[in-house]
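Okay, here we've got a single chain as structure tokens, the form predicted alone, with questions on binding and movement later.
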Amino acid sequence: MTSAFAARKLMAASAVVVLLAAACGTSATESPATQPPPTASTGPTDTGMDHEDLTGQTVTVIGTWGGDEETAFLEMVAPWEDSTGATVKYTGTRDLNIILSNGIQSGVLPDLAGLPGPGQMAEYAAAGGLVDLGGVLDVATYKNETAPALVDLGTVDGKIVGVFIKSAVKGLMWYVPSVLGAGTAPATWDDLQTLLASNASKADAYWCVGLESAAASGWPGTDWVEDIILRQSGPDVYNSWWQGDTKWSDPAIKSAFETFGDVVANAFGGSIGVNATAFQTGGDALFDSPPGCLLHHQASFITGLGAFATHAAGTDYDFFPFPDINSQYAGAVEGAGDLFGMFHDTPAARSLMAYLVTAEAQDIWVKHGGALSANKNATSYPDDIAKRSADLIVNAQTFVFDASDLMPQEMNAAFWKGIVDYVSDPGSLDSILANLDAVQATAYGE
């Protein structure tokens, strides 16, 4: 295998079965009302870092955030701009993989960027594109404030090259209490099917699914397949699969695709609608009158997107965790996070990167909802929905990191496309899996 992927397998091993109590800390479960509100005006001057005068300097940043997420990020960096006199020039794109991959080859890269995932991060590091952050961060403080699994996932060959500035729990089932009721969450997949069948008359379809995301279209479906593999076949199979040791045509992987296919067959808008609907608005039909669907499967960050952003958490919408499928793997949770890396080592880029990992910076984003902080000292969760999301990570019996984010880029992109192709033509599953096997045979190297 390639040295980059070998490094990634080592750094990710601890994230496959690990409790992330340190990700949020016990304080994350306290009522937001008991926490001091973040003070944007104090910003980086309260972090204890030396903020030199950077007047006139600019830091170029690209990431995947748009809309409310972009607004939250810009609000997050505003105190740093005020303190240093520097400017952040942010560009949002859904073509991040393509831009960074081309940039690694051409040398045309931003100062800082969101990274597609630990897998791609390791490839960029192996290519010499990422700056070692050991001389940028206060490493001891960063490690003390961040879950060890997330620190490890940002480390390649002993060097920190990526940091998580926010995290998320995946596999949440979102619903409208006034439609579905606010009773006990289904404990098992069979219980879930009973719940859906008993409420079928209340909506046009069981599920809302949105897979469109420009060049990354299909990724929400990869979350579905990953959640199902984890709960049907367990973390060992999950781990072996993303590492490239279990084939895509393996019965465990095929079964997960077929279970996802059953979801699509009962989804609002049918296969055409599923592939055409943007992931940001994928659950909006929950709020239609009459409702388009009963449930929407998406990560904790959905609360800041689409119609969720304009409705009241806990009143207009709520969630329950992905139910268990195989009781052997009860309590399993999948999570992810937004990595940031540095491509150009400039004074302003160094200063901004050091600021982004602080609790003061992340509290500004966290208070908006839809994000969990990677810094355990950031605790300004705005509502019970966010607090409960954090609790799931803290109390997980088994935690795994998003599998597609850990795969080599070529494999990840093929997975996205395979999802879109499968939704378009479920009958072609065998050929889709055979193609993914072929990609797997070359993507991981020797």
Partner chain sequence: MTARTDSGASTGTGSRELPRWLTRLPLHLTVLVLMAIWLIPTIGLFVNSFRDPNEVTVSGWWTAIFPPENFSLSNYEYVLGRNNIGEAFINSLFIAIPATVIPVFVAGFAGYAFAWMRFPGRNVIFLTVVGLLVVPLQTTFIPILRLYADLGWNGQFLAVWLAHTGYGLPFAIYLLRNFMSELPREVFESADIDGAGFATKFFRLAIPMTIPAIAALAIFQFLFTWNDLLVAFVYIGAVNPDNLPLTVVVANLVQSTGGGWQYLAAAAFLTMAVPLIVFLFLQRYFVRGLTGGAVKG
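Positions refer to the first chain, counted from 1. Just so it is clear, the model here is predicted, and its values are computed rather than measured. Just so we're on the same page, rigid core means the largest C-alpha set that superposes within 1.5 Å between forms.
Keep in mind that the form predicted in complex with its partner chain is not shown, yet the notes after this line are about it.
- Proximity to its partner chain in the predicted bound form, defined as a heavy atom within 4.5 Å, singles out one entry of Asn102, Ser178, Gln328, Ser198, which is Asn102.
- Residue Ile62 is the only one of Ile62, Ala386, Ile393, Met411 with a heavy atom lying within 4.5 Å of its partner chain in the predicted bound form.
- At a distance of at most 4.5 angstroms from its partner chain in the predicted bound form, none of the three residues Ala216, Phe399 and Asp421 contributes a non-hydrogen atom.
- You can rule out all but one of 102-110, 224-232, 259-267, 352-360: in the predicted bound form, only 102-110 has residues with a heavy atom within 4.5 Å of its partner chain.
- With a 4.5 Å cutoff on heavy atoms, Lys159 does not count as touching its partner chain in the predicted bound form; it lies far away.
- The shortest heavy atom separation between Glu69 and its partner chain in the predicted bound form is within 4.5 Å.
- In the predicted bound form, Leu137 stays away from its partner chain, with no heavy atom inside 4.5 Å.
- Although the partner is absent here, Thr91 sits close enough that one of its heavy atoms falls within 4.5 Å of its partner chain in the predicted bound form.
- Residues of 303-335 that come within 4.5 Å of its partner chain in the predicted bound form, judged by any heavy atom, are Leu305, Gly306, Ala307, Thr310 in sequence order.
- With the core held fixed, Pro177 shows a CA shift below 2 Å between this form and the one not shown.
- After superposing the rigid core, the Cα of Gly66 is displaced by 2 Å or more between this form and the one not shown.
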